[in-house]
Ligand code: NDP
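Only one chain is shown below, in structure tokens, and it's the form predicted alone.
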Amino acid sequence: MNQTLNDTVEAGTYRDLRDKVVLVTGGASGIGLAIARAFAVNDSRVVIVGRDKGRLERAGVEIGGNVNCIRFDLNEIGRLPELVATVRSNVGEIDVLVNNAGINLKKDALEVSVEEFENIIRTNQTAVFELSKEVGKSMVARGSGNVIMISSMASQYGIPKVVAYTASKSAVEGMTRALAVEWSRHGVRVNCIAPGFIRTAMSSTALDNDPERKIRVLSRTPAGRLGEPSDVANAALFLASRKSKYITGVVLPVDGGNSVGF
């Protein structure tokens, strides 16, 4: 499936990304894997980070050359400098950081415990900030770099049963704007992609098991279909390249018009 989806990512389109070191968190599956493959196809030196050793190994085989896989739990926030140092030592200075990793919890707001809420915030918000800050130190010092956040359309409008996830992704969008204002003057651009309903193994299973919800999703999506992981990957390539050199601090919906559909 992933091979077919990524066929729409053309090799060599972004020549300025050749040999750039690109760190993709949560890069072993779904949207993260599509993004990692897209950069590898354009000859970047890709590093993917994840917690599942088996997924990482399979992703490494699928991506092929130009990829390094690092097993790491981003919740170990105190060790994030160690992660960045490992990438720097084994591959080189990070040119592009894609903050894709995230977790969700589907539960009525009144039933969400403080511990559950804080766990989502720690992974989706605090770890994203700390990793961005650690990578950003070097980027700002060098006068160049690119940070791409991945938020969600959940931050654009209310979706029931995902209050912690929504809060964390809304914070990521605010963080994007704040960091862009601070870092862009130092040659570091910070942007965000807000995917809509994208066809991954997880989302396909969820929607196929809930036909009524699938009808609602498609009926308010002007494009009339689910997005593909490669749609998000192509947006990431554009935002990381010089083709978008005057774009910073934006939140780009990749949703087939879902956020404006009625």
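Counting begins at 1, following the sequence as shown. Keep in mind that this is a model prediction, so the values were computed, not measured.
Below, we turn to the form predicted in complex with this ligand, even though it does not appear here.
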Within 4.5 Å of this ligand in the predicted bound form by heavy atoms, the stretch out of 233-241, 208-216, 46-54, 61-69 is 46-54
Applying a 4.5 Å heavy atom distance criterion, does L179 contact this ligand in the predicted bound form?
-> no
Checklist entry - Are any of the heavy atoms in T200 no more than 4.5 Å from a heavy atom of this ligand in the predicted bound form? => result yes
>> Is it the case that N90, even though its partner is missing from this view, gets within 4.5 Å of this ligand in the predicted bound form, heavy atoms only?
In response: no
Hey, in the predicted bound form, is S132 touching this ligand, heavy atoms inside 4.5 Å?
no
- this ligand in the predicted bound form: contacted by all of T13, L17 and L97, heavy atom 4.5 Å: no
The one option of S138, Q156, T123, T86 with any heavy atom within 4.5 Å of this ligand in the predicted bound form is T123
Near this ligand in the predicted bound form, with a heavy atom at 4.5 Å or closer, the residues from 149-163 are I150, S151, S152
